[in-house]
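First, one chain by itself: the form predicted on its own, in structure tokens.
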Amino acid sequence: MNGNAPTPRVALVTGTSSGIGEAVVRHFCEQGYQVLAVDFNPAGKDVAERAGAAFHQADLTDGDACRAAVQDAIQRFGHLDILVNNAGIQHVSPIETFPEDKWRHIIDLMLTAPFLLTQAAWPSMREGGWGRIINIASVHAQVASPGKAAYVSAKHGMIGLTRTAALEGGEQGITANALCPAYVKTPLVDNQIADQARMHGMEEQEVIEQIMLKNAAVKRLIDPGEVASLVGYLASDAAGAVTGASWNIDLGWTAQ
């Protein structure tokens, strides 16, 4: 491998009890990486252990908890090379009735936490002369949808954080990229289907067909493993020239 960081690579992944995060953890473990899986849900411990990863339970809306998670990875494995900011939640409600506490929770978890985790991981990556920051954004980092004010705002902000980190990290061997998937078949999306059905007075299958896949050229939900494979590329030495980019994996949504 290039750079000064020792092998095997060490990765910290957030939001790992299911969905994209779980798939990324499995992919990294299969590549022989040392992985710390971070999730609020204690059930994430079994998921991590089955994949061969260590587990750290944390509420990432707490800044000290973000820093403690990074420190745990460094204490366990000696350094940190890869950070995947994936943890997220969703609340669907019109702006007029959107609860303030839900807004703050989503922004804290999905924008402030990635910033704090990046900040905490930066010294280890800089010292190793090699780092990969991969932010799981969303197609909603590129476009908006009704009822998702906080989610859309957080994901748009994540693109700005990604670009800034790319500019600051380039000379230090640190790259930063964002992935922007459309709807992925995860428990988070399953919950959104039910929320959207209630909000629009529709059947759940109608939500999938008429809302989630309305703008997609490829009419299906994305498998988490497809996203994990792209994360794996961006975490590799082969992607050393790729930074500050927003990778659409959106079924053709933004091709319009």
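Bear in mind that the values here come from a model prediction, so they are computed numbers and not experimental data. One-based numbering along the sequence shown.
Heads up, the form predicted together with a small molecule isn't pictured, but that's what we're talking about next.
- In the predicted bound form, none of the heavy atoms of Gly201 sits within 4.5 Å of a heavy atom of the small molecule.
- Of the heavy atoms in Pro181, some are within 4.5 Å of the small molecule in the predicted bound form.
- Among heavy atoms of Ala58, some come within 4.5 Å of the small molecule in the predicted bound form.
- Put simply, Pro187 is close to the small molecule in the predicted bound form: some heavy atom of it is within 4.5 Å.
- With the partner omitted here, the stretch from 118-126, 135-143, 165-173, 92-100 that lies within 4.5 Å of the small molecule by heavy atoms in the predicted bound form is 135-143.
- With the partner omitted here, the residue from Ala73, Ala150, Ile82, Ala87 that has a non-hydrogen atom within 4.5 angstroms of the small molecule in the predicted bound form is Ala87.
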